[in-house]
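Presented below, as structure tokens, is a lone chain in the form predicted on its own.
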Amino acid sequence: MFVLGIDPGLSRCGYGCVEHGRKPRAVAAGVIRTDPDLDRPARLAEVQREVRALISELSPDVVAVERVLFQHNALTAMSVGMVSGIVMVEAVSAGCSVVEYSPNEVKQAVAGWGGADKEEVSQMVQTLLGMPERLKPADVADAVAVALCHVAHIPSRRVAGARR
């Protein structure tokens, strides 16, 4: 099973694809960047094209998106929300399941506590995947952490589904 994790953002949208198996394995990781000199609709269209291409290339079973809970800047929060919506629509249109996780859920699953900082999350992503170096920029490590969060939740989701 392939899980595509997304750390949504308009300037930098991190992505990371992890294969779920006996030991999680990184398949792809990177960042989609948009030109801040372009207007928002053009930037959103660029994110949409890139996400569509990623989903087509990687064929994930699940797309896990980090949920936006709070931003100090309302415009940033709106842009992140728009990117999240684009990602979810593209995933569903391609036949993928979509799940959302809060930043605290991601930190808890990957680093062991919901108050972990970006450095701790990045270090744990490196450790969990046995990578020689940390992923950079932080948006990439965060996206992989979202995918790993879903992988960590798969057993409990299966149990919950069996009880229904």
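Note that residue numbering follows the sequence shown and begins at 1. This is a predicted model, so every value here is computed, not measured.
Missing here is the form predicted in complex with a further copy of the same chain; even so, the following discussion is about that form.
Annotated contact segment (heavy atom within 4.5 Å of a further copy of the same chain in the predicted complex): 38-46, selected among 119-127, 38-46, 104-112, 25-33. Scanning M131, V98, L58, A138 against a further copy of the same chain in the predicted complex with a 4.5 Å heavy atom cut-off leaves one residue, V98. Of all the residues from 50-66, the single one having a non-hydrogen atom no more than 4.5 Å from a further copy of the same chain in the predicted complex is R52.
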